[in-house]
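Only one chain comes next, encoded as structure tokens, the form predicted alone.
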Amino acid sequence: MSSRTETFEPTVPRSLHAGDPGALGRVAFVLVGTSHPGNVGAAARAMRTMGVTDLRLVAPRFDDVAERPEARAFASGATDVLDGVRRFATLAEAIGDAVLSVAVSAEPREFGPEPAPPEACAADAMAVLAADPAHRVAFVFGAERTGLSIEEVQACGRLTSIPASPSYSSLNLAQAVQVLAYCVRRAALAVPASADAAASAGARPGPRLADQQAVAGLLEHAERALRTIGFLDPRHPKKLLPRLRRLLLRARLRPEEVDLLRGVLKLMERGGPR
């Protein structure tokens, strides 16, 4: 009988720890109005474990939130994500370069997109990224206590809610980030390696979409033109602009379509062709 002590070391199939798909480099996670440095650090850690590194902060409570010791401690080594944090004054600026933004909220908002499961939104995001190597997508999370506002959800093209127990559905910010980051990684790994390589090489298997900065500019132009022709009364705007925003975001316009519509709006402002 051998006196040697046998130890059991569980093995994990290598396929479960595949490399990071290139598409993850074009995914941004946006935290709006974050209050606690620890939550920023924990979110950075959750992202980093799934290969997502683009963290953006919109109007955080503290300008130096990513540099604070608590954030560094909760990041648990994911300091490269914190070092690369970008800060924005508004959500529109933070998602301006994205062609698709996904709001993460437990509740739907009036005139906002219909909620869909995280897996469906993550798969949609990967399809958008695969269509053109210039495309970027963003997932948007609200403040710890209040979540996303009606206007912030309306600014996004899609809405996802994390299914949870109806008796207790409260997730903290880092937990929500972890769930979405995992779904995004799973969706990215599901894309054939050949398609990912083609996108990295600059191939364009799908149409190029207008980014949200261009769509926001179109919406502002539409508001001016509709006022000019008297269709929009600024004293009683009702729900016209939220409905129009939802329509434009759902349409996923191409740059040339944005240009076409702005040409029409310009004629409206002039009172017709001259």
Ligand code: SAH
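Bear in mind the structure is a predicted one, so any value in this text is a computation, not a measurement. Numbers for residues come from their place in the sequence shown, where the first is 1.
What comes next is about the form predicted in complex with ligand SAH, which does not appear here.
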Heavy atom contact within 4.5 Å of ligand SAH in the predicted complex, the stretch among 137 to 145, 92 to 100, 183 to 191, 79 to 87: 137 to 145
Mark Ala164 yes when one of its heavy atoms lies within 4.5 Å of a heavy atom of ligand SAH in the predicted complex, and no otherwise. yes
Considering non-hydrogen atoms and a 4.5 Å limit, does ligand SAH approach Ala125 in the predicted complex? no
Taking any heavy atom pair closer than or equal to 4.5 Å as contact, tell me whether Leu171 reaches ligand SAH in the predicted complex. yes
Although ligand SAH is absent from this view, report whether Ala106 comes within 4.5 Å of it in the predicted complex, heavy atoms only. yes
Looking at Ala75, Cys156, Ala176, Cys121 here, can you tell me which has any non-hydrogen atom within 4.5 angstroms of ligand SAH in the predicted complex? Ala176
Within 4.5 Å of ligand SAH in the predicted complex, counting any non-hydrogen atom, which residues from 18 to 43 show up? none
